[in-house]
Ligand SMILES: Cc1cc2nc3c(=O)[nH]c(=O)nc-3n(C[C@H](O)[C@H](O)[C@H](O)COP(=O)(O)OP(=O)(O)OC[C@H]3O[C@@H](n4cnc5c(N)ncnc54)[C@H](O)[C@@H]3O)c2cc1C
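Single chain ahead, by itself, as structure tokens, in the form predicted alone.
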């Protein structure tokens, strides 16, 4: 088999690249997907009347093109929500983000957080041009907020000492309220929404699977080949060994698999790229989905848990994104725990701890019946932005680019991003492969509307 463009992975990045290549007239393209459905970790599984995603997958739409395309894909099957996110610590619920909402915590904690923050305003700390994340937190929010939330929560999430993390990743993901907002949130219940995810959209029916399904429908039959995992890639000869297809010869290669996985399949690799591969760090999100025979509290979409006594760092009520994700009178929950990538986890032991944690947090009563339960881990949940990450990624991408290989998306690009950006990665990749920005006259009527 010969194709102009071979795309590894049928998630959002791969589907978007194939779609936008089609708009540019590139018909000889092939997406090979290991599963029997599209979507990858932006997909859903249905069991016992519940629809579960691979943790909370919400649509944050900021780019005009991305927003228009995604809304056109979903059409009427989408609803808008204002975020209802909380933090549970010291036996109290406070609004997210912590740094702007300490009202409700013990008075001594509020005082500690407020005093520490005001010290950063009146006696700011000098930071180097590339500070570590812990130093940045202390300089930005003060010792109190850092000690009570920023440090314990992020250590549960990243599973890495914060002194080893850079600040490259945190730009839009860590809200920085003004001094007046911090003070107000310490004295009163502040309803203002902060951050890039203050509002979101989500499919009404079908879970997040509805999005990759709609994108795949824009492709011609046969562009996506299912149950076709990549076994090996010869970068020099430009040929991939694909289960069920044999050898696939390509002119250009687009990888959307996790970068570490792709490099382990690829040969030959020079010594510096092999060394860079060894410097890639990540964590695995162990996502347990649970269905219970009681409706979810209406005021909560998800809750953060910074304290060590809870095994999860976040619990969400996905049935509050859409009631169609659970049978009537039931709730669908997702629980997230992080572990360093590649570390063996006793899933049965972790599951028992997760269920106990739900009871200890008051989210699961003794009388509640667990109607469904399914593990849906995300092998590369978060890329660890330590000091070795960027030099390693730069060395790897220099080599891949010299061979005409694109590696895109959250996983192929080895970065922290969200679904809209992943779809845009596919669009930009198609533009690079075909030379120039996508021209409106190449699109269908639907894409023409999206481009405007």
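Numbering follows the first chain given and starts at 1. Quantities reported herein were computed from a predicted structural model and do not represent experimental measurements.
Form predicted in complex with the ligand: not shown, discussed below.
Just one listed stretch, out of 22-30, 44-52, 418-426, 390-398, contacts the ligand in the predicted complex at the 4.5 Å heavy atom level, and that stretch is 418-426. The ligand in the predicted complex is approached by residue 35, whose closest heavy atom lies within 4.5 angstroms of it. In the predicted complex, the ligand sits within 4.5 Å of a heavy atom belonging to residue 229. Looking at residue 257, you'd find a heavy atom of it within 4.5 angstroms of the ligand in the predicted complex. Not displayed here, the ligand is kept clear of residue 405 by more than 4.5 Å at the level of heavy atoms in the predicted complex. Checked against the ligand in the predicted complex, the residues 96, 250, 382, 305 give one hit for a heavy atom within 4.5 Å, which is 382.
If you check the ligand in the predicted complex, you find a heavy atom from every one of 10, 13 and 285 within 4.5 Å. Interface residues of 56-77, taken as those with a heavy atom within 4.5 Å of the ligand in the predicted complex (partner not displayed): 56, 57, 58, 60, in sequence order.
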